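Form predicted on its own, single chain, as structure tokens, below.
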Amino acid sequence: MLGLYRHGESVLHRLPAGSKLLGLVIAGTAIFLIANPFHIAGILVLVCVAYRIAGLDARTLIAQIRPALWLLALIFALQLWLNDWQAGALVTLRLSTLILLASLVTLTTQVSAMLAAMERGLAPLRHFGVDPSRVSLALSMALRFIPLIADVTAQVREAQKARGLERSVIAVAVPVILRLLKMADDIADAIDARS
């Protein structure tokens, strides 16, 4: 499963969650300010080295980027058609680096630590009517739903495969959407019941 915490004792595992999240924001911004694809490729290599430092193997790294490969290929082809190969390389390298960097943070940081750091970081926004605990709850729910959506999709795909409908997008999408809406409704009722 993508981006789930992996226990470890590396330097990256021991860094505070707030520092990692702040570093991710700064690095993500810097990546989009750099206009040279070769410099971005160098940063991508550094991110791959960081995976090694964190004690994560190449299979884990590849598993983080594999689901986005078709989208990256499509973006590259579109940029190649509209601009040139350098523009395509720049955009796909930027996105690949950002995906791998964000996955590295989630692989080396417990979700509870991330949410606590976000809640502390959002605390000054109380003066503007933002409730950090609600934002933290929303983020934790979103993070919980990512593997749940993958699980529901796999179950529906298996059921439709048994019926010979695995190639039909509608036969998979409609039951997945209906099950997710039912789960969201149940969760909303549970939250309301607990005030």
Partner chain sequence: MSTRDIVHIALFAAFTAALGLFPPVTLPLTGVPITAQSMGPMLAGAIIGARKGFLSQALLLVLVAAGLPLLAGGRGGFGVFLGPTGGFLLGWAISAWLIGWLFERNWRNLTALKATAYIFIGGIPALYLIGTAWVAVVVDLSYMQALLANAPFVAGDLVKVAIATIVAMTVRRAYPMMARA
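The structure presented is a predicted model; accordingly, all values stated were derived computationally and were not measured. Heads up, when I say rigid core I mean the largest set of C-alphas that superpose within 1.5 Å between the two forms. Numbering follows the first chain given and starts at 1.
Unshown form predicted in complex with its partner chain; subsequent notes refer to it.
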So, a 4.5 angstroms cut-off on heavy atom distances: do all three of 48, 56 and 162 pass it with respect to its partner chain in the predicted complex? no
Please check if residue 15 has a heavy atom lying within 4.5 Å of any heavy atom of its partner chain in the predicted complex. no
Closest heavy atom of residue 38 to its partner chain in the predicted complex, within 4.5 Å or not? no
Check whether residue 125 has any heavy atom within 4.5 Å of a heavy atom of its partner chain in the predicted complex, and answer yes or no. no
Residue 42 within 4.5 Å of its partner chain in the predicted complex, heavy atoms: no
With its partner chain taken in the predicted complex, which residues across 59 to 77 come within 4.5 angstroms through any non-hydrogen atom? 67, 70, 71, 75
Is residue 173 one of the residues whose Cα moves 2 Å or more between this form and the one not shown, with the core superposed? yes
Does the distance between the two CA positions of residue 36 reach 2 Å or more between this form and the one not shown, the core being superposed? no
If I superpose the two forms on their rigid core, does the C-alpha of residue 70 end up displaced by 2 Å or more between this form and the one not shown? no
